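Only one chain is shown below, in C-alpha cells, and it's the form predicted on its own.
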C-alpha cells in the first residue's frame, strides 16, 4: 500500500511527539508518527523517578507521566500516532518503506523528521571478552523487565541476587536504585571515569576501573575488573548491568547517506535541525546521545519552524560552515553554522574545572570565556547564540575548544 502524508515523524519519543504536536497544531496537514514499540513515549516510559519537569500545578513528573502527557499533546494537536510500526528503509527521496501489523507500506512525505533517539551500547559493542552467560543487561533491558514484572520478588528471580553496575553517569544511579528496590544486592559500581556521579549511597564505587572479562557459563558468576594499576580482581555476582555509553539510533539516517558527525555519531544538522538531505530533519537524542527528555522535547518543538518553512516552499537542506572540536571537547551540535547566530550544545570528554571555552574561525578568536564551576562528561552545557554571532558563513571551519585547569586526582 502506498500513501502520501505531509509530515512523517519517525520515532514517538519526547522529540518526535513534541515535533508532531507543534506541527499538527500549526496546520502542517497530515502529520503521522511511526513508533516501532507497542507504546508511544520513548525511554521515559520506563523511568519511574522524578526529574521530567512539572505538571500545570507544579507537581514533579516522573517518566511515565511525562510520556503520557507528550502522547496526549500530539493527539490533541491532530497528529496520528501509530505504534508497532517500523520504518525499514528508504525507497527514494522522502519515501520510506514501512512494516506495520497490517502489512507492508510505502509512505511518501513532503518532510521527514527523524527522531529515532539513542540506545546504550550493549556488552558486545563494548568488546568485553568472556562467554555469553545469562544475567548481562543494559539499563533499558533492566527497566523493561521492571515494567513487565514489577519491583518485587518476581523481578529478583528474573534479574538475579547480586549485581555489578558498569558506568558512572546519572543513569547508573537509577539502575542501582532500581536493583535495590527489587531486593537485589549491588556489589559495586565500576567506572573508568576518575570521578563518578554522586548518589550511590553505601554501594562501593570503583573509579578508573574497567571490566576485563565476564565469567561463568550458563549464568554469570562474576566479572574480572582491572584497576588503574593494572591489577585484576574478581567481583562475584550473577548479574551485570551496563549503563550509559549512549549511541544514536542512526541506522535509518545512515541508510539515507547521512554520514555521522565526529563525536556525536548522529547526523550533521544546522541550527534549524535541517540535514544535508533536502526535506529531511533530525532532532533529539538521534543527534547527540542522551540529553534529558525536556531538552529533546524542546528540539522537537524547535524543528517545527523549519518544517513549516519547507512546506511553504523555502530552502529545505542544511548549509553553512562546519563546526569541529579541539582539546577536551568531545562533541558539539549543531554541526553546521549559517548566517544566523544559534546556540551550541557542548559536552567534554572528561571533567573540567572552571574551563575557558573558546570559539575560533580560521585561527581568529571569536569568543573566549571562563565558565564557573565544572563540566562533566555526562552533562552538556548550552552556549547562547552570542557565541556564534561573529561567524563568517563564507569562511572556514569553526573550532570549539577548551583550556582546562589542572584536575586533581
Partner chain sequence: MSVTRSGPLPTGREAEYDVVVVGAGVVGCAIARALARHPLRVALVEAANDVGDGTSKANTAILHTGFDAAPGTLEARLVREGHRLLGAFAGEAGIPVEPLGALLVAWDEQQLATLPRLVEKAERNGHHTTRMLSADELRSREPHLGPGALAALAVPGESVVCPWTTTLAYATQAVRSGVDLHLGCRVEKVRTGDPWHRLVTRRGELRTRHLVNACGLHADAFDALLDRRDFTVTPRRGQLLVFDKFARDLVRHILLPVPGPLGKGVLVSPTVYGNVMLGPTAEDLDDKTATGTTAEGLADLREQGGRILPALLDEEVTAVYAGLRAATGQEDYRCAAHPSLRYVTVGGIRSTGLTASLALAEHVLGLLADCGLEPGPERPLAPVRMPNLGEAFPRPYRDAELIATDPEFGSIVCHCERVTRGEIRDAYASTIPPAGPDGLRRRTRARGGRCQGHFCGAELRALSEEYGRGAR
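Numbering follows the first chain given and starts at 1. The structure displayed is predicted, hence computed values, not measured ones.
Just so it is clear, the following notes concern the form predicted in complex with its partner chain, a form of the same protein that is not shown.
Asks: Counting any heavy atom within 4.5 Å as contact, can you tell me which stretch out of 73-81, 288-296, 126-134, 317-325 lines its partner chain in the model of the complex?
Replies: Heavy atoms within 4.5 Å of its partner chain in the model of the complex occur in 126-134.
Asks: Check residue 101 for me: does it contact its partner chain in the model of the complex (non-hydrogen atoms, 4.5 angstroms)?
Replies: Answer yes; at least one heavy atom of residue 101 falls within 4.5 Å of its partner chain in the model of the complex.
Asks: Check whether residue 62 has any heavy atom within 4.5 Å of a heavy atom of its partner chain in the model of the complex, and answer yes or no.
Replies: Answer no; every heavy atom of residue 62 is more than 4.5 Å from its partner chain in the model of the complex.
Asks: Do residue 250 and its partner chain come within 4.5 Å of each other in the model of the complex, heavy atoms counted?
Replies: Although its partner chain is absent here, residue 250 would touch it in the model of the complex, with heavy atoms inside 4.5 Å.
Asks: Is it the case that residue 221, even though its partner is missing from this view, gets within 4.5 Å of its partner chain in the model of the complex, heavy atoms only?
Replies: Although its partner chain is absent here, residue 221 would stay clear of it in the model of the complex, with no heavy atoms inside 4.5 Å.
Asks: 259, 255, 181, 234: which sits within 4.5 Å of its partner chain in the model of the complex by any heavy atom?
Replies: Looking at 259, 255, 181, 234 one by one, just 255 meets the 4.5 Å heavy-atom criterion.
Asks: Counting non-hydrogen atoms within 4.5 angstroms of its partner chain in the model of the complex, say which of 301, 330, 110, 119 makes the cut.
Replies: The option sitting close enough to the partner is 119.
Asks: Counting only non-hydrogen atoms and a 4.5 Å threshold, tell me whether 88, 138 and 141 all contact its partner chain in the model of the complex.
Replies: Checked in the model of the complex: all three residues contact its partner chain.
Asks: Within 176-204, which residues have a heavy atom closer than or equal to 4.5 Å from its partner chain in the model of the complex?
Replies: Read in sequence order, no residue approaches its partner chain (within 4.5 Å, in the model of the complex).
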